[in-house]
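For reference, the chain that follows is the form predicted alone, supplied as structure tokens.
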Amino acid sequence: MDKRRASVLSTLGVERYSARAKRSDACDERGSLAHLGATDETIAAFGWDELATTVAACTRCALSATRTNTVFGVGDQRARWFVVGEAPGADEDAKGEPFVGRGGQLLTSVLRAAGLSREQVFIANVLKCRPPENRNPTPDEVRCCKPYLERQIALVKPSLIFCVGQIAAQSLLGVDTPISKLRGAVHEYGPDKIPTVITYHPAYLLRSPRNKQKTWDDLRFAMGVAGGVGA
């Protein structure tokens, strides 16, 4: 165990464990974090510092073996808009911050069109670690990581969730509906029924720029749901 991880686990009050006991798929059927001393129930009570520390030390799934950095999320912890993406890419993995590559630059422009800066929203991904070769997340990886995102949303208490990309939308809402049928409607997330609007992922728009107009339509729709520009 490296010194950094040992220090993090010590902060959490978790006993050290041997490499022999470590499983490649550390997320059990209940989706617990027993090996880190944190279950879904305890995560649901974490504050920001506890949550960030746990994510930084996470070995819940095999992605921990290939990441450079975990990508926790950035922005205003009391933001009215919460932007949800799919998973970190190479640039995000290197920097430890979501949406910092070309797709991130486009997302920043999209938000600016709504009168919002990156600092005024909270941005996070469904997964906190990069899947190798930017492949799609597996269902098990989503299941292991989802409690982190759920707690982030609960802490921020946003007025609107702006979900970018089909996989992010399906993972967040627990559906398998294609994005073409998810767009243009207000969905509800969680027990508080937070209004959720779906649009295309910026990386997809870079490959299919003809759909940028559709994203602008989605953005205007989201602004209306939120109650106005930057509301």
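As the structure is a computational prediction, the values presented were derived from the model and not from experiment. Start at 1 and count along the sequence shown; that's the residue number.
Separately, the form predicted together with uracil (URA) exists; it is not shown, and the next lines address it.
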Check your understanding: Which residue, I161, A87, V121, C145, has a heavy atom that falls within 4.5 Å of uracil (URA) in the predicted bound form?
Key -> A87
Point to revise | in the predicted bound form, E141 touching uracil (URA) (heavy atom, 4.5 Å) | key: no
Review point. Going by a heavy atom distance of 4.5 Å, is F99 a contact of uracil (URA) in the predicted bound form?
Key: yes
Point to revise | Proximity of N125 to uracil (URA) in the predicted bound form, heavy atoms at 4.5 Å | key: yes
Exercise for review: Specify the contacting stretch among 74 to 82, 89 to 97, 108 to 116, 148 to 156, defined as having any heavy atom within 4.5 Å of uracil (URA) in the predicted bound form.
Suggested key: 89 to 97
